[in-house]
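Encoded as structure tokens, the following chain is the form predicted alone, with no partner shown.
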């Protein structure tokens, strides 16, 4: 045989493997494998308190709420922005939806949540573009404002239990199939925007290099505004699912709404990490399910809350680090 007879085949095999590692199928397979791994670990450690079909359904119904918010956050996080006011918007939009549902039924609940969320997003985006200061600073101030407005709205509710969906007929979005329909519609909308419109392309371009995107003719300020509007539209959907699942919403003060920011953000981290595989939507949905599964698995093991948060955060950082390692010599933003 001539020298080097096997070399082309080896090179082709290596090239095929590299192509497979960069494919959407590989990314989704990795996420599914992680899901099965964590399920198996917690199932073995706590067979009586974790992993039954009923419990997994409950975890899924909880995770899709956060996944909807994670989808919205993706549009601004990928551009290097952040919004601390989404928790306050969830509270305010939910309370507006409950208040309007007293008079207009489901139309009031749905439109109240969605329109309130979207309008707040437009206001946040305009304020950010006009003030020209970091988005985190702007949205921390807006969080305090929205919490105050939420407390005013709850005082307008003259029902016996302000902020509560007292009518059992208003809880369709708390269970299947309507909660899955609402969340699925949000996921499909994100997929469409990222895959078939300029919004996804320009958001990624702005995040990669804002100056280059601007020099190429992208209206950066306009697409940042669009990012905030889309974020808070998805937050409106999340508010609808959250208030339905919890059968009501309490107004809070003193930045207490900030706690609602972080679980959606965890899903967004998965989306950004798996963006290179072309499956950010799937990564957010499955990632949120993994986070909720880890949290509930640790609860089943009677792990204290502080340790639970530590382990959940450490696992998230490990997964994101392993799946989002840059090439040697690359610049980390």
Partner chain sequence: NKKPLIGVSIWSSTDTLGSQCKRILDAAAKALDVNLMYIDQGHVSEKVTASAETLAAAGCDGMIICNSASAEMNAVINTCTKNKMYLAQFFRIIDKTANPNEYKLACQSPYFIGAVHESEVDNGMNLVRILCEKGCRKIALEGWNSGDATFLLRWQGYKKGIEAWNKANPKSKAVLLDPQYGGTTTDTGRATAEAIINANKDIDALIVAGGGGDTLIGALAAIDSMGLKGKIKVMSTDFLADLDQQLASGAMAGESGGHYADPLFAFMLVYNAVKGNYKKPAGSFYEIIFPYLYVASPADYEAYAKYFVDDLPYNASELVAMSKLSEPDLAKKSAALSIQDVMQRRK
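Numbering follows the first chain given and starts at 1. Just so it is clear, the model here is predicted, and its values are computed rather than measured. Think of the rigid core as the biggest set of C-alphas that the two forms share within 1.5 Å after superposition.
Keep in mind the form predicted in complex with its partner chain is missing from the figure; the text below concerns it.
Stretch-level contact analysis of 114-122, 157-165, 100-108, 229-237 against its partner chain in the predicted complex, using heavy atoms and a 4.5 Å limit, identifies 157-165. Residue contact check for residue 222: none of its heavy atoms lie within 4.5 Å of its partner chain in the predicted complex.
Taking the partner from elsewhere, residue 303 is found to have a heavy atom lying within 4.5 Å of its partner chain in the predicted complex.
By the criterion of a heavy atom within 4.5 Å, residue 251 is counted among the residues contacting its partner chain in the predicted complex. Although the partner is absent here, residue 299 is a contact residue: one of its heavy atoms lies within 4.5 angstroms of its partner chain in the predicted complex. No residues of 82-107 lie near its partner chain in the predicted complex, the criterion being any heavy atom within 4.5 Å. Residue 289 shows a C-alpha shift below 2 Å between the shown form and the other one [criterion: core-superposed Cα displacement of 2 Å].
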